[in-house]
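Starting off, we have a lone chain in the form predicted alone, written out as structure tokens.
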Amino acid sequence: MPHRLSDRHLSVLALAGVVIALGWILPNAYFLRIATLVWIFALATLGLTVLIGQAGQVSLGQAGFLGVGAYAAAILPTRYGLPPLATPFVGAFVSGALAFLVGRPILRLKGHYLAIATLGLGFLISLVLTNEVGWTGGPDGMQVPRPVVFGVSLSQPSTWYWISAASLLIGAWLVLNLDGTTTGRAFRALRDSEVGASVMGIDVSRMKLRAFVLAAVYASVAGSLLGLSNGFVTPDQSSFLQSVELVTMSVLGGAHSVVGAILGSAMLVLLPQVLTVMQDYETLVLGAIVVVVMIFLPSGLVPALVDLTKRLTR
């Protein structure tokens, strides 16, 4: 009997098809650059798919880990001579360790108390990156050395398009496969009811911490890719507004959905580009679109489209 591909494998294959098609279709470096930003922010948002969508926890400090990854790409090669392509792994380790250390006390909180605690963590990271001028360049930021492979500098937009797309495909595959594991089932139980999960023998604190660390690692890798592709980093990448934007990307597309994370990221990256013709009202229109979607489609765009498709099929 022929082996049937699972839905998660089909999702990754469909995403790979979109990536390959766009890589051939997009006409110039500008559009490749925009697509690269979509893939990078989608990777960061996938961490929130695990944390918010699967585990039911809230974080308003994800941009802090994005900043850690970005500055790892800048500081480690400049100060310690580490190869630039190794910095995403080191940054992910540092972010994961930091999330593990601070997550234990923070994740004892619930609801808005947890949100405020993660917000404070993000503010603290952003403050350090802004004020440690000797290490980070302060508010002006610092240059990120370009990776060199076989004597060729990786600075072309097309190169970073494919690197960021490959990273997103790997990240999406891992999240989709996580859903069917024991950890994924524990996350869902935790999201539905912490008391019920505890009664079933799930270590609630450990599962919360695991989801928080995974989200931090995803954000850190995305931050490193952002710094390497830009060639420059600033503390703005760890700001509160960046954290809000990441959460909005997750909720807008559908916090439980991998496709939703990508769609939400695409919307918030592309809309400002489209709305440049309305310079004076760009922020107002963007905010209004987000508010309307959240009011009429509270579960996000992708779940709403899936429900609509099912109704039409019936």
Partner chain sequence: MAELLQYIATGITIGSVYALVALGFTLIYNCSGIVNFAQGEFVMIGGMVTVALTAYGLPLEAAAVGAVGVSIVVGIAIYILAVAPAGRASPVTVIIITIGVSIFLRGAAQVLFGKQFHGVKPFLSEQPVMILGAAVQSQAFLVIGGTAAASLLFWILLERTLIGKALMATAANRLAAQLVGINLRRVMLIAFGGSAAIGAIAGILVTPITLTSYDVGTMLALKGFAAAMLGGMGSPLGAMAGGLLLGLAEALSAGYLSSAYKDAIAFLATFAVLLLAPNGLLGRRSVNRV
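Numbering follows the first chain given and starts at 1. The shown structure was predicted, so the numbers you read here are calculated from the model rather than taken from an experiment.
Another form, the form predicted together with its partner chain, is not on view; read the next lines as being about it.
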| item | value |
| --- | --- |
| Its partner chain: the contacting residue among Leu98, Ile106, Leu76, Ile163 in the model of the complex [heavy atom, 4.5 Å] | Ile106 |
| One residue of Met142, Ile116, Ala86, Leu154 in contact with its partner chain, assessed in the model of the complex (non-hydrogen atom, 4.5 angstroms) | Ile116 |
| Phe31, Met267 and Val306 each touching its partner chain in the model of the complex (heavy atom, 4.5 Å) | no |
| Stretch from 76 to 84, 220 to 228, 107 to 115, 144 to 152 whose residues place a heavy atom within 4.5 Å of its partner chain in the model of the complex | 107 to 115 |
| Heavy atom of Pro298 within 4.5 Å of its partner chain in the model of the complex | yes |
| 4.5 Å heavy atom contact, Val291 and its partner chain in the model of the complex | yes |
| Residue contact check: Phe240 to its partner chain in the model of the complex, 4.5 Å heavy atom | yes |
| Residue contact check: Phe232 to its partner chain in the model of the complex, 4.5 Å heavy atom | no |
| Heavy atom within 4.5 Å of its partner chain in the model of the complex - qualifying residues of 168 to 199 | Val195 |
